[in-house]
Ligand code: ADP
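Next up: a single chain in structure tokens, the form predicted on its own.
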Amino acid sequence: MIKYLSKTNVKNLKGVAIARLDFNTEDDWRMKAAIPTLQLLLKHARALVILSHKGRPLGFQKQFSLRPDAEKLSGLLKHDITFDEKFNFDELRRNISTSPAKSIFVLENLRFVSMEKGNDKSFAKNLASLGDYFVNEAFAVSHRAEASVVGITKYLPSYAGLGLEKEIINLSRVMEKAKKPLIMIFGGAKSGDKLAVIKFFRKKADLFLIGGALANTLLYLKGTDIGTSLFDEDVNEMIKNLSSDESVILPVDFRRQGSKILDIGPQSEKLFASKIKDAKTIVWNGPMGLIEREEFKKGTLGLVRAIISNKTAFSVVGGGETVTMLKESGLSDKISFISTGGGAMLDFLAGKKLPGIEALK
């Protein structure tokens, strides 16, 4: 059974807390989501050690350093932070043990160390030696079997943070108690990771509204001219079946640049909105277009407006790009639940066991 921080008497957790966060976003929304857990730990722990990562660096690469993130977190918490970039564990242990009460330490990007992704036992043991108990507040990386997510739990009492608990509760609600009609919306450049969710919900969901690369692929199979648009060349049997599935709703017009489809068109916005207005549960992962460019974010914004216009639906949105756009639009507070996970959210909804969550049991 998972041990939740919210259901634990934190006053009884003595010593140094180690918290795994996820700073792997262009802005600080995941960091802000972890603040309640950090404040709770800081209130009771003697000191706090924060572990995180960013990007997929090849060894040390300055652009992936967590130093700017440590400075940003210091501002959010209004608390001095010691940043450590050496991974000299003997020195770190000494510094932590002799530090003033309520000190906070942030370690450099864990992925600068190859042993992190390999879930190396000795690296996990060294990380664990820095504290007395461990809290996973990094749902977005909990689908990865890495040393700071899985390996560390073998050596310390381990708990799910407040945010991770919310993820489990809200995503489980979609899987087990979703009110119907249930509509699932998928977009973005990666289509392979959406297929497992569609397969799991094939008989549970009422409609699938599809944009992005997967829509282009299905349209291509139906004979639509997609020009040089992004699509999947490796078409499996499931994708072929989806192209003729009546529960799959595809765009009917597009915004293009030359021969390339870069967003759904206005008629598609209206079509998707007409389906969304009657939904009781809405799940959305992935934008409808190339939202980095103003002229190709209209379709995604149209979906946002349609979802928040439905006042009775329980809505769940995840995926870095989608959530960032929601935050930028100032409408994120109108969504029932915003998941901090992209791939982790999709794996959870596909019925997969996430290593980071399983390790807490």
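From a predicted model like this one, the values you see are computed outputs, not experimental measurements. A residue's number is simply how far along the shown sequence it sits, counting from 1.
Another form exists, predicted together with adenosine-5'-diphosphate (ADP); not displayed. Remarks below refer to it.
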query	finding
Candidate stretches 63-71, 40-48, 312-320, 331-339 - the one whose heavy atoms come within 4.5 Å of adenosine-5'-diphosphate (ADP) in the predicted bound form	312-320
Complete contact of 194, 212 and 289 with adenosine-5'-diphosphate (ADP) in the predicted bound form (any heavy atom, 4.5 Å)	yes
4.5 Å heavy atom contact, residue 190 and adenosine-5'-diphosphate (ADP) in the predicted bound form	yes
Interface membership of residue 77, adenosine-5'-diphosphate (ADP) in the predicted bound form, 4.5 Å heavy atom rule	no
Partner proximity in the predicted bound form: residue 268 to adenosine-5'-diphosphate (ADP), non-hydrogen atom cutoff 4.5 Å	no
Contact test in the predicted bound form: residue 153 vs adenosine-5'-diphosphate (ADP), heavy atoms, 4.5 Å	no
Candidate from 281, 216, 158, 109 lying within 4.5 Å of adenosine-5'-diphosphate (ADP) in the predicted bound form - any heavy atom	216
Heavy atom within 4.5 Å of adenosine-5'-diphosphate (ADP) in the predicted bound form - the one residue of 92, 226, 207, 262 that qualifies	262
Stretch 137-162: residues contacting adenosine-5'-diphosphate (ADP) in the predicted bound form, 4.5 Å heavy atom cut-off	none
